[in-house]
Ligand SMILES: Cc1cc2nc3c(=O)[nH]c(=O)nc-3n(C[C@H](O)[C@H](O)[C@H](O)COP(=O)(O)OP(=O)(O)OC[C@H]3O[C@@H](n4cnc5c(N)ncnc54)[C@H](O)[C@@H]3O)c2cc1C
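First, one chain by itself: the form predicted alone, in structure tokens.
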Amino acid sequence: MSISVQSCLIIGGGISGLIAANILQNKGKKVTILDKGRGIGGRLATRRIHHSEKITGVFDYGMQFFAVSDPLFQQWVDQWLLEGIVTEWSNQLMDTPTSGYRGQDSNRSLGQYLAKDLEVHLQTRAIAIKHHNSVWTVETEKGQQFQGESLIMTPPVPQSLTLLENSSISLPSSIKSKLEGVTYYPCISILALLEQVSFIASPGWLRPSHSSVAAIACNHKKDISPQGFAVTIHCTPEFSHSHWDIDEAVIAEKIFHEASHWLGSPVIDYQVHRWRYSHPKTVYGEAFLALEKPGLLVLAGDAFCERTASNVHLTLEKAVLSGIKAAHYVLNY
């Protein structure tokens, strides 16, 4: 088709949605992002634990860093480097042959940078979508309504499927079956504020073997938590699955015991966060899904790629490339 789409609604303020929004807005389109979270960026997630007037821990508690293998994504990263938004993080101790990158101030800062010129509505959960008179309307749990000529959905696939089903938007059986085949690994993350600096060697990253701990990051040695010895512990998918509904105190006790020789310090405060859709286990097989009936609807995200990332740190790249291709599809529609 060659219809000029002037406005676009994007559900999901993770990296896919933010990248797509920037491309569309730079081409003169009106873009609105709706996200159910309190902070922008999805798994570009950063949180603070205020323990006292002098002690505040800053935690990257989602993705710790990302790697690059695609030249198209490298162009974006190079620009972020020039603007001081991201920094190269030594790949010493990392399980990737390429350099790692992280947000300069925190990983959330990358999401905030990408959102700075966009219309973003946080804590805005979409509960229904409908298409009428060539316009999509998204209804939220707060009773708001947002409209656009096109709609991009970037949440984890099971959440998008639920929203479509609740909205009585039918999919061709072959496409629905393919979407239902997309699965994700869970991850329980523990944000541990220590009394003293951890034993984790610089640059602040450790991936243990033969452990319920998948990875540990020292945010203090990453230089994002100067006023607190903040450590993020990611549990393995196996541990996360088997302990998903277990009391948080029990989970923390088990993991702190197992990680004690890496922490090297008493824990003075902690929080537990459950990532139900941490990263894709099986993927859709294409960079995005575009539907033209009842109106232009595009699904994108880290599960929209030809094959699962060879390394978990390349997952962000998959999400970015999906967002880029989804945006260009809308532009060329």
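When you see a residue number, it is the position in the sequence shown, counting from 1. Everything numeric here is computed off the predicted structure, so don't read it as measured data.
There is another form of the same protein, the form predicted in complex with the ligand; it is not shown, and what comes next is about it.
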Next on the checklist: Please determine whether residue 159 contacts the ligand in the predicted complex, using a 4.5 Å cut-off between heavy atoms.
Outcome noted: yes
Is there a non-hydrogen atom of residue 187 within 4.5 angstroms of a non-hydrogen atom of the ligand in the predicted complex? yes
Exercise. Considering only heavy atoms, tell me if residue 125 and the ligand come within 4.5 Å of each other in the predicted complex.
Key: yes
Worksheet item: Given that the partner is absent here, does residue 63 sit within 4.5 Å of the ligand in the predicted complex, heavy atoms only?
Response: yes
Picking from 36, 281, 48, 51, the single residue whose non-hydrogen atoms come within 4.5 angstroms of the ligand in the predicted complex is 36
Partner-free chain; cross-checking the ligand in the predicted complex, the single residue of 312, 324, 24, 9 with a heavy atom within 4.5 Å is 312
Testing 287 to 295, 262 to 270, 36 to 44, 51 to 59 against the ligand in the predicted complex with a 4.5 Å heavy atom criterion leaves exactly one stretch, namely 36 to 44
Check your understanding: Looking in the predicted complex, is the ligand within 4.5 Å of a heavy atom from each of 120, 328 and 330?
Key -> no
Within 128 to 158, the residues having any heavy atom within 4.5 Å of the ligand in the predicted complex are 154, 155, 156
